[in-house]
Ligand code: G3I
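Before any questions on binding or motion, here is one chain by itself as structure tokens, the form predicted alone.
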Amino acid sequence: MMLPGSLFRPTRRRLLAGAGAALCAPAVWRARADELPALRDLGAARGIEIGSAFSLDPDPKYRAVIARHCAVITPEWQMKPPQIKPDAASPYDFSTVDKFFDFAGRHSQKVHGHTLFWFHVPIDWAVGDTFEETKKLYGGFIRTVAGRYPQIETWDVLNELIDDDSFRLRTGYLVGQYGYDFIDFCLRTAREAAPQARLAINDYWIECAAQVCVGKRGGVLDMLKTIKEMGSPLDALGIQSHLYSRMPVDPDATYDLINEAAGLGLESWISELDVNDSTLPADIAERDALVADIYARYLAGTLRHPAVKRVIFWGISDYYNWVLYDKDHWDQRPPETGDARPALFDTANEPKAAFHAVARVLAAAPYR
């Protein structure tokens, strides 16, 4: 599917000027990673939780960045259902997940539960011949996992439910068979297993100006209204916010979605924030300034709304970042543009322009 890049075409000079305005003073710009203000503290001062995806990489400098700047960590893939119990014969294996709690406990962090259901990684052993049998099997999985970690305050119960083409519920694994009844069952079971936790549904491509995002925003909003009309327990919308240089962001439209969700009684979480810079110039300084501007414009636009209570980066450093290692999602990056630089810290875990842009936006955000 070709995604339009011509919906918003500011000049390069204008973008650079905007990025320059978002950066800190030169003295701060030269600060080392261990001399920076902690993003978690800047966020906390405004009532916003700051965090990152984390995959337990052992590099000490990378871990120091995660520890210093994140109040929340999200296991990148280690809590997805097949990682915990891939088949009926295998026992539940929480050994890797437990390591996140060890790390978080040492650094006064929360662990975000991600995720109890994702169509892309099915656990076929939890699918019965009937809905009643499926509820028993999948419900057992939800109760076991959520029940093991009562300290988790927030869960992505269901991930990526809206189809990219029809803008309706996906027609595949379990959701296609049982629709909103299955969604309602998962949410109610999660509430039963984790009565104190805030429960979310998470989705992507609902933050840009491309037509696919317009359609998906409408589909997500329709889904949220249906879920609330059913009386299902739902507390938050996760807006993944994988931003693309080829798919211009639309902070105003995202703000409107956040406002609509707030009208339904829902918080909004920026849940998987990064910038895929695949179409930006090869010059590192210029590209970094443009990436910083994308972060700054998006966060400045969305953090205006008091319902946005959390910003999670996917992840915070180029040292370990899916945009670099998942080439299936790299969109055939032209070789002349060099390596990706999607995050706030570089591959040496030193701050880039994007860090300072985000720090300034957080410091200026209204309190919630």
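No experiment lies behind these values; they were computed from the predicted model shown. The first residue of the shown sequence is 1; numbering continues from there.
Here the subject shifts to the form predicted together with the named molecule, a form of this protein not shown in this document.
A.B. asks: Of 182, 77, 103, 119, which one comes within 4.5 Å of the named molecule in the predicted bound form, counting heavy atoms only?
C.D. replies: Only one listed residue qualifies here, and that residue is 77.
A.B. asks: Sort through 188, 242, 246, 170 and report the residue having a heavy atom within 4.5 Å of the named molecule in the predicted bound form.
C.D. replies: Looking at the other structure, the residue within range turns out to be 242.
A.B. asks: Please determine, with the chain shown alone, which of 44-52, 63-71, 314-322, 301-309 has non-hydrogen atoms within 4.5 Å of the named molecule in the predicted bound form.
C.D. replies: After filtering at 4.5 Å, what remains is 314-322.
A.B. asks: Taking the named molecule as it sits in the predicted bound form, is residue 276 near enough to touch it, meaning that at least one heavy atom pair lies within 4.5 angstroms?
C.D. replies: No.
A.B. asks: Taking any heavy atom pair closer than or equal to 4.5 Å as contact, tell me whether residue 160 reaches the named molecule in the predicted bound form.
C.D. replies: Residue 160: yes, in contact with the named molecule in the predicted bound form.
A.B. asks: Within a 4.5 Å heavy atom cut-off, is residue 250 in contact with the named molecule in the predicted bound form?
C.D. replies: Result no; residue 250 lies far from the named molecule in the predicted bound form.
A.B. asks: Would residue 297 count as touching the named molecule in the predicted bound form under a 4.5 Å heavy atom rule?
C.D. replies: Flag for residue 297 set to no.
A.B. asks: Residue by residue through 268-291, tell me which have a non-hydrogen atom within 4.5 angstroms of the named molecule in the predicted bound form.
C.D. replies: The stretch 268-291, when checked against the named molecule in the predicted bound form, contributes only 272 at the 4.5 Å heavy-atom cut-off.
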